[in-house]
Each structure stands twice: as C-alpha cells, then as structure tokens.
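Okay, so we've got the same protein chain twice, two forms, each given alone as structure tokens, structure 1 and structure 2.
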Structure 1
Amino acid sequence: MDYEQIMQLALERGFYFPSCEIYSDAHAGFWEYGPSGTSLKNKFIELWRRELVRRDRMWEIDGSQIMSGSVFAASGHLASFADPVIKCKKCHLIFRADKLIAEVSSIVIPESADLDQFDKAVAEKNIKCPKCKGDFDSARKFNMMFRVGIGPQDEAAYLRPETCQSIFVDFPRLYKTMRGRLPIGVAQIGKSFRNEISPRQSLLRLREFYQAEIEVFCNPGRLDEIAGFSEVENTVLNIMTDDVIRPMTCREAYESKTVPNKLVAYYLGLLAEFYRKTGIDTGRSRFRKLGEKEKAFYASVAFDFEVETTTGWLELVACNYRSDYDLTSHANASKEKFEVLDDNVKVLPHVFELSMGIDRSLYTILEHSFREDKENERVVLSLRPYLAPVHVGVLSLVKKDGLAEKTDEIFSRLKTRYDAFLDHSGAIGRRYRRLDEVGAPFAVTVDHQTLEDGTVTVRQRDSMSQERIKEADLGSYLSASLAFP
C-alpha cells in the first residue's frame, strides 16, 4: 500500500477529504474528517483515555483555542515561533534573515533580535540576493501563529500553536482544587494551529490539527520514585541512539541510563503499550533520542516516537523533558505562584511532556491496517475491532420472505450500543466487500434459517469465515469481541 491508495480510500469511504473543497479559495492545510474518520478518531481517543489518562489517574482538561498574547509572550512563541525573513525585491525569493546574514558575512544576529538589526547588517555588508543579485526589502517577521482580533478594538490574541500552554496556565488552579500529588499528569485533546509555509500530504502536515498532550508535573528530586514502574518494567522499547535501534525493556533502558530516570522510562512504556493496542506495527517504530542540536530549546532530554510509513519515518509523538522552563516563565510573567508542597517540601515542579499528533497517528493506523487481499479480490482494513468505524454490518441475505423485516428488528436492537450499519440491497458478497473496506470486523447475516431456529451467521472480516450463533446471544458476542483491551 502507499500514500495514494490510502488517500483514495479516505476520499471514497468518508475518512477524510479537503476542507471547503467546493470553493476555489480553499486554503491548503485544512482537512475534514468524514463519518468513518470521525468514528475512528473517537475510538482512538477513547483508547488513549483508557491507556493513559485513566490508567495513570491523570486530569483531563479542555482549554480555549484562542489565548491571550501574554501567554505566548511568556512561553516564548511571540519571539521565537517567528522567523525573521527578508524578500528579494527583484525575484521575490524569501530568505531567513539571520541565516543568510550569518552565511555571507559571519555576523551572528539572534533570530529574536529587533528587525532593524537585520536591515542594518544587510545595508552595512551590502548583502544582495544570492540568486539574482537583487536588493532586499526590509526584514519582517513571519510568525507561525495565527493572530486573531478580539472585540471591536481588534485586540491581538492567538490561536494556540500547541495545546500544552493551557495546561501550564491552568496548573495552579488544578493543583489547588483537584487534590492530587506529584507526579501528576494533566492531559488534553484539542486543536492546535500553525501557519505552516507549505502544508503537505493531507493529515501529515496540517495548519489546523489535533493534539493529544500530556504534561506530567513532577518533583525533580524524586524522578526515580515511580509507583507504577513495575507495571511496565518488562515492556519493550525500541530505542534509537546514534543511528542504531536497540530493543530493550523499560527496566534495561533505565538501568543502562539510556533514558535518564524511571519517570521517563515509565511514560515511554505507557506510550509504547498504547500504540501497540492501536494496531500500528510497533516492530516498525522507534523512540529516537534527539541530539543536542535537534532538541527544542526548552528540552533537556527528548525522544521522538517515530513510525515507518510509505512516506518515510514519521514523528507521531514528541517526548520532551521540559524541566521548569514553562512554569518559571509563566510564574515570572504572571506573578502567579507555581510552587507546590510535595511531602511537605516546597518545590517548583518540572514537566515531562508527551505531545501526540492525532491526525498522523490515524493516518498511520490506516496505512498499517490496509491490506490488499488479491486472492479474494478485496481491500481490507484490518483495524482492531474496538477502533473500527463500523462495528458490525447487519445484512439480510435476501429482502423477501420476511428476512428484511427480521433484519430491521435485529438492527434496531444493536444500533444504540454499537456502530452498526444496516444493508439490504445488492449482492451479499458486494456488501461484505464494502464492510471490509471500512474495517467492520463483523457482519451479521439474516437468512431463511434465522426464521426457523432464531440463529444468524456472523462473518469475520479477516478470515471471511462464518459461524452460526443464536440471535439472543448476539449482544454478548459483540460486547466481548468489541471490548477495549
């Protein structure tokens, strides 16, 4: 399978498609989830809640997408999420001002410097466009954040470029009211917005995208006191350091100091177990330890969880040890106090972050589940049953002889408990094929025998095999088969 096949399936079966596609001024980087995609996404999120939020007794919040300028002044986004750029007047090429100046003149100007410093350097050193030797316009900032105007005064605010700032800003209230103790995870699912220069490949680089972020607040002096560590100590992590992938258990990773402490090892373990249950082929995954130059400026230790796809290795989760960077910044800017009592000692928590890209994860699930069954001339999405957009197809073998009515009756009993799809029309084989393509793990078929002895057939998506069970047992059969792990 490749990107194009997944794209075609997404368009044909209602997984995702371009936003505003009927208008020609639609912008790149915005995509909609259709019914199948939304259903898959909801179930993915439910699995995330089970495996991370509930398992680790985290607090889940849902913050504003628009946040005030002060938040991003404190977080550093206003200064450093923006690139200083200069544009050639003649050929209109755009360059990063700081990089071009450093390259041709060895003058180093920090990217967050005032704009006139760049203009001054360009003038003094008589820097011209490297391509056409044209003159440059004055420097300007290209900020990746979307600015929005609030109220009649059009006051500046911003669409959040990452969801975690809500968590940092909310932490003092949460800790005062929610009765937790360190280490405590605060989780959030939501949209983030980045004005990417060139969005690409549908769900893989979006301007509006979903993140599932977890910020674990911890006592930096007690990073090896993790109660749940024994639960994951034998979980295998594929850790990549210096271009070599080495499988090792969480305990081995910790003891060999491949990861710096038990807390980090524990959460990488939870993450690995979560992704295993999404059906992604974790044999083609790795936790890549980032080198000094690659890490974000706030991170002291960073691992990217990456998965191999037909588009190459794809980063699904950024795991950053952010130390006290965020809480210190917000404490200084807001005058709010972020210290908490941990075992009767006052401490400013450190933060370990798991920042997950949901859209990319969903794409990867689709690609890793996609199977061309040439022998049976079909395309199958072998999704885990609990993630399938449609749980069960409910079909009449033929419409006549009262089979349709009986099928409707069974469907009515199932439809509020499961994602069921009712289908009477066309050849039975064609209806099975359609269900295979959206990954429905089961198809219940009503035939003549149903009317005689009250049994129906249940067809398995992957094996195409069928068994006959009592109609009355359908509910318990499906509940057991579709249960989350």
Structure 2
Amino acid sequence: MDYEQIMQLALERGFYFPSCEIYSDAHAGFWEYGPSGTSLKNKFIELWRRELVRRDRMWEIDGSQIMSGSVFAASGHLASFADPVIKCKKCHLIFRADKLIAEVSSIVIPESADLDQFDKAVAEKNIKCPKCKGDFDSARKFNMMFRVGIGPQDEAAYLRPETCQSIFVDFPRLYKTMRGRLPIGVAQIGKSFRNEISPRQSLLRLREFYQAEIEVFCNPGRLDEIAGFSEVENTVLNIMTDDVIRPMTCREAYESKTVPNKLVAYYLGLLAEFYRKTGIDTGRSRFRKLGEKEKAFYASVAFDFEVETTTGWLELVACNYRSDYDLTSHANASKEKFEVLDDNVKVLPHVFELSMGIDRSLYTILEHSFREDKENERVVLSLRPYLAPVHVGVLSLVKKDGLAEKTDEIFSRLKTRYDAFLDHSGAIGRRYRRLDEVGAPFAVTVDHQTLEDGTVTVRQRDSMSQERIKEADLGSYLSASLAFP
C-alpha cells in the first residue's frame, strides 16, 4: 500500500479530487470533497466535538474567514508569517528554500532559521535550479497571507491563515456573556488559507484547508489544578525528545517534567484518546517536542502530534503553549482589557492550543484503514463503523420476484436514521466489493427467504461473515453496532 493507491481510491470512490480539474488554469493546492469524503469529514468532526468539545464543556464559535489587517498586525502574522524562498536567476522559478535543500542534499534546516543559513547551504552544496540548472538569488521571506480588498476603496483585509485569531479577539465578550470561569476551552472549526509556495500531495499541503482549533484559556498560576486529570493520567503518550520516542503515561510525563504542567498533560491525553477512536494506529504516533528553532514565534513550549504514513511522519496537530502572547498583543493594539477575574483575582489568561489539521487527519485515517485482501481479491477500507461514509448497503439479491420492491421498503425505513446506500445493479459479489472499498461496515441482502420468514442477511465488512436476523431487528442491530464508543 502506498500514497498512489490511496489517491486512486479517493478519486474512484468520491472521497476527494482536484478543484476546477476540467480547466487548464486550475491552481494547485485546492481540493474538493466528494460525497464519501464529506460524510467521513462530518463524522470525524462529530467525534471531535463529542470527545473534546462536549466532554470538556468548551464553547464553540464560528468566526469570520476575512479579518481586519489590524488583527494580523497585532498577532505578528504580517511581519512573521513567512516561508524562506529562493529564486532562480535564469528561469525565475521560485522554490521553498528549506524543502529544496532537504530534497537535494538531505540537509535539514528549520524553516524559521536565519536566511544566511539557507544561502550557506546552497553555496556549500552547489545547489542549482532543478529546471534550468541556473544559480539562485539570496534567500528571502515570502508572506503566505492572502490579501483581500474590501469595498470600493480596496481597504486591506486578509483571509485568515489560522482559525484561532477570532477566538482571541472575541475572548472578552465570550467570557462575559457566557459567564466564564478559568480554565475554559473555546473551539472552532472552519477553513484557513495559506498561499503555499509549492503545495503537493493532495490533502497533505493545501492553500485552502480545514482546521479544528481549540484554545484553552487558563490561569498561569493554577496550571496544576486540573480537575479531570485523573481521567487521563494512565493514558499513554509516545513523547519524542532528543530524537528518542519514550512511551509514558500522562502522569509520568508530568512528574518527569517532560511536559511542563498538568494542564498540558491533560490535553495531550485527551488528544491521544481521540485519535485512538478514529482508527489511526497510535502505535505509529508521537508527540514530538519542538526545539527553540522549530517552535512558532508565539510558542514558549510546543509539541507536534505526528503519525507515520507512507509519505513519512505527518504533523496532524500543533500543540502550543502560547502563554499570554496573543491576549497581550491584542490588548496593546486595541486598547481593550483582556484581564478577567478568577476567584476574585484579576489575571491575564495564558493559552494552550490544540490546532488540528482535519484534511491531513482524514488522509491518515484512510491510509491506516486501507488494506488489500489478496486472498479474497478485494480492497477493504476498515474504517471504524461510526466514521464510515456509508453505514449500510441495502441490496436485493435479484430485481425480480418482488425482491426489488421489498428492498426499497427496507431502505426507506433505514435511510433517515443511517447513511444507507441502495443498490440493485450487478452481481452481488461485485456490489459487496464496492461497499468494502468505501468502508461500509454492513451490507443487508434481501433474498427469497426474506419474503418467506421476514429475515435478511447481514454481511460484516472485515470478516465477510454473514448472519440472518429479523427484518424488524435491523434498526436496533445497526444502532448498537454504529454507536460511538
């Protein structure tokens, strides 16, 4: 199994495909979800809400995608949200410096490194333009924000490069109107936009992408007073420091000071438990602690939750302790007050962030669920039943003798409660294979015996086992099998 097989499955089974693909001027980095992908995405989001947002009594908001330039001046994005690039003097093509150097020479330079480090590597390794073999200009920074002109005066605004800034600027109103009490998480799902230099590999690097963001506002003097810590203290985290992965429980990570406080350990534990329930192989995951040169400019402590795929280790979630950087910046720029009362003491909250890439997470779920069953000549997408785009296929063995009508009747009863798919066409084995490829955990087949005794055949996707159950029991059978854990 490799990336190309996942790509083929995605295209053929309606998971995702390039935007505007019928036109030659379509831009890279824009992808669209088909029916299967949209269904999987929606179920992934609902699991996220259940396991994180509702479990921890967070507030969820839906902020604007276009925001004032003042927001990003205060946040530092206008000055610092940039990638290093180098331009060929001959053909004028532009490349991302850190990626090209790594591909050509295997030298890894953090994207936040000083520009002279990229120039030095290009010179020492005599790196030339991959297209024309020309020399490069000196490295420079390229800001990845998309500018938007507002109104007839073309006033500057920007598509948000991350979803969290509306959470920060809305915090004073939210805390007051929702009668807040620290610590409190504020969550948001939505699209962000980054003008990536060379987007590639479908969902893995996009210019328009989905984020599930959580910002936890906390009292910096009470980071070890976390009521729910006992719920996750035995959850195992694979933490990578100094290039070594060490499995440890949340309590061990806290007591060894591998993580700075209980609040961080608690939310890393929640995140690990969430991804285990998505079906991702968490044995191939790690929380990689970032060094000083790797951290975002706003982070004092940072972990990247990464999962191993056929394309390498893939970052799915950035876990950043942002301290009071954001609230202080917006308070200074706006002259508004961001302090709140916590047990009658005025504090400026600190923030711990879980910034999740939904698109990358979905790709990883697909890859970790994909298997080739060569013995039975089939491809199987072994998704967790509650995440499957199609919960159940409803099939007639043949279309004659009243079986099609009976199948339609059963489908009509199931379709509003479950994601059901009706299929009368083709050999029954071929229809099973199509359902296996889209990840449907169950197939219900209506045959002549159904007309005699009111039973149907239910086929299990992974084992291919079949059992007869009463038609009247189908609803309770599916509800029990498809319930969230």
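Take the two forms, find the largest set of C-alpha atoms that superpose within 1.5 Å, and that set is the rigid core. Residues are numbered by position in structure 1's sequence, first residue being 1. Here the structure is a predicted model, which is why all the values come from computation and not from measurement.
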*Of these two, which one is the form predicted in complex with the RNA?*
1
_Please find the hinge residue among N143, Y386, A443, G185, where one rigid part turns relative to the other between the two structures._
N143
*Looking at the two forms, how many whole degrees does the smaller rigid part turn against the larger between the two structures?*
63
*Core-aligned, what's the Cα displacement of A121 between the two structures in Å?*
20.4
*Hey, core superposed, how many Å does A82 shift at the CA between the two structures?*
3.9
